[in-house]
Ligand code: ARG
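Coming up is one lone chain in structure tokens, specifically the form predicted on its own.
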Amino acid sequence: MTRRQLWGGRFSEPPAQALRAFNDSFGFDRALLAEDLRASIAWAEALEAAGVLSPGDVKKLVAGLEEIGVEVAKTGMPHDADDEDVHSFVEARLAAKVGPLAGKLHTGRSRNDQVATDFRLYVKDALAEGAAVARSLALALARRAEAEAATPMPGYTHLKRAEPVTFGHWCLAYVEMLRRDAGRFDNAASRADECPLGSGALSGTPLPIDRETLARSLGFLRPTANSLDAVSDRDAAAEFLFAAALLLVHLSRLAEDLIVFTSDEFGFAALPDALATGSSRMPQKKNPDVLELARGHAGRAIGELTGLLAVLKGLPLAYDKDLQLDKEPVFRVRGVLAVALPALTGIVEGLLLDHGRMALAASDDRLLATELADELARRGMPFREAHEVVGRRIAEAEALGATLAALGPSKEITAQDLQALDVRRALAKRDTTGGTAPRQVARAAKAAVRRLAGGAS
């Protein structure tokens, strides 16, 4: 089949190979085939409703478009097609089926509002998918939190042991991040729920198209309000990339924690064998490749976002060819989320905890020093003085290689005060909303499971 493009009548020479190599987008926008067919069918039906095409012509066009979808589903997209983009691919295949009638489908429609609509449909699906996978991982973490609500472990600041928490509480911290991530995808989807089709090249279609009905036929809440904005707006793509980049930043933090926790030095947990890798040289190795890739993809996603924002920042109204560069970042990042989130969910579900080692680490004097200071303050000593007293006692214990309990009482610290050096007691005291007390963690985890299992954030 000869090359097909949607323009060229005023040109005396065919496109140079250099132009085609640089300009053509079929190599990647072929991913929008389903959306292009769907939007083209809706446009054909809108043309019929406007009295532009007869019912018989529309029936032939719709049947031809549906046949293209069925054929591609069976055989896949051809890799040797000589088409400028997915839109010219569809029109050429449609012409092969219905003849010159195919040329009538583009009546009153521009490639500008066509591609904006196709891409908006794609991004809407990507946003819904992003919210779903974020909730799925959050649900796995909430279920682990419920099961491990009373499992003590060290909490850290500056990656130094700080105060004891429970593993369930740690899980719920990431549940909160993921809930916000899912909400960002949802919020972006509500703003993206506008149909650009019928905006024409930039000034609107000259045909009496019922754009409200057209929008609803494609699953949009409403049509776009301004044709100049509609054909050049890529906010939905930028918002998807932002929500995805921040989600991946959160996943990177989760991955970093788990890399540390499963290290030989910490030994709080072990990765499930099915989601770890080995070394070609060292037979003992069990590597956290999934976690490291999640951490690495966060950096790339940030780059995809900033790259698109840089493309958009200087564009005059309305459409500019720069906007052809909007799609590949979204395609790539959606693909990453589709494989990264299930892998991380599997790790969370299959993580093997060493409860004894975690509890021993959580009982370290350094994590319970604040408990001792609080006990002195409870007896009436100003907290700043209690802080100094316990700090000196910690330094003395470290110098002697002993624990606070082994040092025993001192002039300021009684035997009764030393009873505060108990990790279970310390955890139970944090019994306020958002605290790490096992009772609070179990309650919060149960509520999170109920919300997330019901599809809410």
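Predicted model, so just to flag it, every value in this text is computed and none were measured. Residues carry their position along the shown sequence, with the first being 1.
Omitted from view is the form predicted together with the ligand, to which the following refers.
**Q** Taking the ligand in the predicted complex as the reference, which of Glu304, Glu146, Asp233, Asp85 has a non-hydrogen atom within 4.5 Å?
**A** None of the other options qualify; the answer is Asp85.
**Q** Which one, Asn112, Thr224, Thr262, Thr205, lies within 4.5 Å of the ligand in the predicted complex by heavy atoms?
**A** Residue within 4.5 Å of the partner: Asn112.
**Q** For the interface check, one of 128 to 136, 344 to 352, 316 to 324, 250 to 258 should have non-hydrogen atoms within 4.5 Å of the ligand in the predicted complex; which one?
**A** Careful reading of the contacts points to 316 to 324.
**Q** Would Gln440 show up as a contact with the ligand in the predicted complex if we use heavy atoms at 4.5 Å?
**A** Output for Gln440 is no: heavy atoms all beyond 4.5 Å of the ligand.
**Q** Would Asp417 count as a contact of the ligand in the predicted complex, using a 4.5 angstroms cut-off between non-hydrogen atoms?
**A** Taking the distances in the predicted complex, the answer for Asp417 is no, it never comes within 4.5 Å of the ligand.
**Q** Can you work out whether Glu35 and the ligand are in contact in the predicted complex, taking contact to mean some heavy atom pair no more than 4.5 Å apart?
**A** Output for Glu35 is no: heavy atoms all beyond 4.5 Å of the ligand.
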